[in-house]
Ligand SMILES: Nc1ncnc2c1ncn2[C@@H]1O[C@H](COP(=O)(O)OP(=O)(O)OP(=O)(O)O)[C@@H](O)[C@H]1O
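Below you will find one chain, with nothing else, as structure tokens; this is the form predicted on its own, and questions on how it binds or moves follow later.
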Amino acid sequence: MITYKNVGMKYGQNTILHDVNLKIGDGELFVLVGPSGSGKTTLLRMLNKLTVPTDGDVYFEDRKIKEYDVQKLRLDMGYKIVVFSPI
């Protein structure tokens, strides 16, 4: 299970994500949709510590991502970004 609790992200004075709360269960198919620049990739990059949230915590299997060894986390986790174009 993946959980985002009160996650926020700022780059300088720009707030990219604010107070994101999200739970994705094991085996669920999850689709994140939004306009360019809305924080989709930033949210995804937090799963393997490529981006560290400035607020809140991300959990994988009820353990904070920041507690995982970054090398082991990245070796054990993969993700895929699929981009769909409007027809």
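Here the structure is a predicted model, which is why all the values come from computation and not from measurement. Quick note: we count residues from 1 along the sequence shown, nothing fancier.
Separately, the form predicted together with the ligand exists; it is not shown, and the next lines address it.
4.5 angstroms heavy atom contact with the ligand in the predicted bound form for residue 16: Yes, residue 16 lies within 4.5 Å of the ligand in the predicted bound form.
Any non-hydrogen atom of residue 53 within 4.5 angstroms of the ligand in the predicted bound form: Answer no; every heavy atom of residue 53 is more than 4.5 Å from the ligand in the predicted bound form.
Non-hydrogen atom contact residue 49 with the ligand in the predicted bound form at 4.5 angstroms: No, no contact at 4.5 Å.
Heavy atom of residue 35 within 4.5 Å of the ligand in the predicted bound form: Although the ligand is absent here, residue 35 would touch it in the predicted bound form, with heavy atoms inside 4.5 Å.
Heavy atom within 4.5 Å of the ligand in the predicted bound form - qualifying residues of 39-58: Read in sequence order, the residues that approach the ligand (within 4.5 Å, in the predicted bound form) are 39, 40, 41, 42.
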